[in-house]
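Given as structure tokens, the chain that follows is alone and in the form predicted alone.
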């Protein structure tokens, strides 16, 4: 892979990472801490929604974001012809 292509590949990779980590931060910190009081007025599966995000929701979102990252990176690898298959 030439230098320009390599740099472009890593810029997109870092963009994906930053976006996905920002989403996780908003869900875990925002929904679990900052907006917990407002979200606790809503019940989800019998629990206040803010409590649910703080205890389980952010973990679920993190796992989902891992799968999204894998899919994005597989597409990026294929686009830059560095995929394994």
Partner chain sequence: MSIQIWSYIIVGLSFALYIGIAIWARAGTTKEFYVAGGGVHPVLNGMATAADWMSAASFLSMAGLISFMGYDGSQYLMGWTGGYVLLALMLAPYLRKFGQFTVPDFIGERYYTQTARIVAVVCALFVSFTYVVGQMKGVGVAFSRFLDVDFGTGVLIGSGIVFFYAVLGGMKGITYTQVAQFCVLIFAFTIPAIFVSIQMVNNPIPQLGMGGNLADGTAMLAKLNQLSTDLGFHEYTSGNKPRIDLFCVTAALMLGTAGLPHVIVRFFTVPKVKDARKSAGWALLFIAILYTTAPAVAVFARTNLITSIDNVPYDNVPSWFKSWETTGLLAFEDKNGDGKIQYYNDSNSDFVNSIADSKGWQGNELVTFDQDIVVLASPEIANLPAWVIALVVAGGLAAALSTAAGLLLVISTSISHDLLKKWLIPKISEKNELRAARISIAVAVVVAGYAGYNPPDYVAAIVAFAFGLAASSFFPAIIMGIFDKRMNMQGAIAGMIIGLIFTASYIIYFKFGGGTPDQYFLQISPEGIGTVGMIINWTVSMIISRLTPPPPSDVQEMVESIRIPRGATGPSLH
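Take the two forms, superpose them, and find the largest set of C-alpha atoms that agree within 1.5 Å; that set is the rigid core. Numbering follows the first chain given and starts at 1. These numbers come from a predicted model, not from an experiment.
Another form exists, predicted in complex with the partner chain; not displayed. Remarks below refer to it.
When the partner chain is considered in the predicted bound form, residue 34 lines it closely, a heavy atom lying within 4.5 Å. Among heavy atoms of residue 81, some come within 4.5 Å of the partner chain in the predicted bound form. Residue 42 falls outside the set of residues with a heavy atom inside 4.5 Å of the partner chain in the predicted bound form. Residues 13, 14, 17, 20, 21, 24, 25, 28, 29, 32, 33, 34, 36 are the members of 11 to 36 with a non-hydrogen atom no more than 4.5 angstroms from the partner chain in the predicted bound form. Positional change of residue 44 between the shown form and the other one reaches 2 Å or more at the C-alpha, relative to the superposed core.
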